[in-house]
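Okay, so here's just one chain, in C-alpha cells, the form predicted on its own.
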Amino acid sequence: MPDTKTADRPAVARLDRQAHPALVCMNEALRVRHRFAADIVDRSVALFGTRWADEFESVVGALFPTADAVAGAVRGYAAFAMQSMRLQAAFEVEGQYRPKTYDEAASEVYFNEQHMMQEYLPGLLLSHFLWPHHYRQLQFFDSAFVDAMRVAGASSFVEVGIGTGLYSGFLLRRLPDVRGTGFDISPFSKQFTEAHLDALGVGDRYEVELRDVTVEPIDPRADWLVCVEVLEHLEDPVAFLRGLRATMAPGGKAFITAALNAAHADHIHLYRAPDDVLAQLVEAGFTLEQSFVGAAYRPSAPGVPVPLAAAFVVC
C-alpha cells in the first residue's frame, strides 16, 4: 500500500521544460552565475503554482526570446536586486533613505540609458514575478481592478508612470477590447514598454506619451487609472496625487500603489506604514474602496523594517 500521508500531500508545482523553456533558461542562468538567487524560481513556482509559471513564461518568452536575451535580463535583475539589498541593509541601520532630490534621482536613473535598459527595467520587470509581495500585488490588481473593469465594460484606461509596461500589458491581455494610454517622463521606459507590448501582441491598442500629467493634464479625463510605485519616487506625493485626482473623470476609479520601507536608488519619500499612504490619498481627495498590503519577507528581528507593497483601489 502507498504511504497515505505521501499520497494525500498535494504535488509541488515544478517547471516543465517544454511548457516553460524561458524560465528553465533563467533558472539555469541564476544557478550558474548568481548564486544568491539560485533557487528563487523554484521557490516561486512551488509557492504560486503553474499559473505563475505560465504567466511569467509568456512575458519572458516574448520579451527575451533567446538564451542570450534571457541571460542579459538575469544579469540586469541580479544587479538591480544586489543594489536594493545593499541600500536596504544601510536603511535598516540608519532608519532613513539616503538623501536625494528628485532631479538627482531622475538623472541617475530615469534618463540614464545604460542603467535603465540593462539593469533597472529588466530587473524591475522580473522582480514583479520573483518577489512574492510584488506578485501578490499583481494578483490583487487582477481580482480587484481588472475584474471590475471587465464587469463595467470598460473601453479604455490610463497608466501614469508606466515603468516596464507590465501592468498595462497585463490589463490589455486580460481585456482584449480595451485600449490604453501610458504616460511617463523617461524615454527609456517608453522604449522598453513599447517593445514589451509589441512582443506580447497588444501594442496596437496602446500609446505612450512622454508627459508629466500633473503639469499637462490629459483630456479626456480617465475613467480607469493605474499608477504603480510612483509615490515613493517623489518629493511631494500629495501634490502629485491631487494632480492624478484631477485627471480622473467623475465616477472614475484608480489603482494606486506605493513601496514602503524599501530602499532603492530612486526612492525619496519614505512611507513607514500603509496608513501613511492612505492619509495622503484621502488628503488628495480620494475615497478608499479596498486595499492590499504584502511583506517581502519576515523580519530578521523584532523592529527591523521590512519592505512592503501597498495597493489601493480608490475613487
Ligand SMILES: C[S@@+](CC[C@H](N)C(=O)[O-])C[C@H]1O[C@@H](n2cnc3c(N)ncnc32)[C@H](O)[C@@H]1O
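Numbering starts at 1 and follows the sequence shown. Just so it is clear, the structure is predicted and the values come from calculations on it, not from any experiment.
Missing here is the form predicted together with this ligand; even so, the following discussion is about that form.
- The partner is not drawn, yet in the model of the complex one stretch among 84-92, 199-207, 223-231, 143-151 has residues with heavy atoms inside 4.5 Å of this ligand: 223-231.
- Not displayed here, this ligand is kept clear of Leu126 by more than 4.5 Å at the level of heavy atoms in the model of the complex.
- Although the partner is absent here, Tyr110 sits close enough that one of its heavy atoms falls within 4.5 Å of this ligand in the model of the complex.
- This ligand is not shown here, but in the model of the complex it comes within 4.5 Å of a heavy atom of Ile185.
- The shortest heavy atom separation between Val160 and this ligand in the model of the complex is within 4.5 Å.
- Only one of the listed residues (Arg245, Arg75, Arg173, Arg211) places a non-hydrogen atom within 4.5 angstroms of this ligand in the model of the complex, and that residue is Arg211.
- Against this ligand in the model of the complex, the set Asn27, Phe56 and Tyr135 makes no contact: no member has a heavy atom within 4.5 Å.
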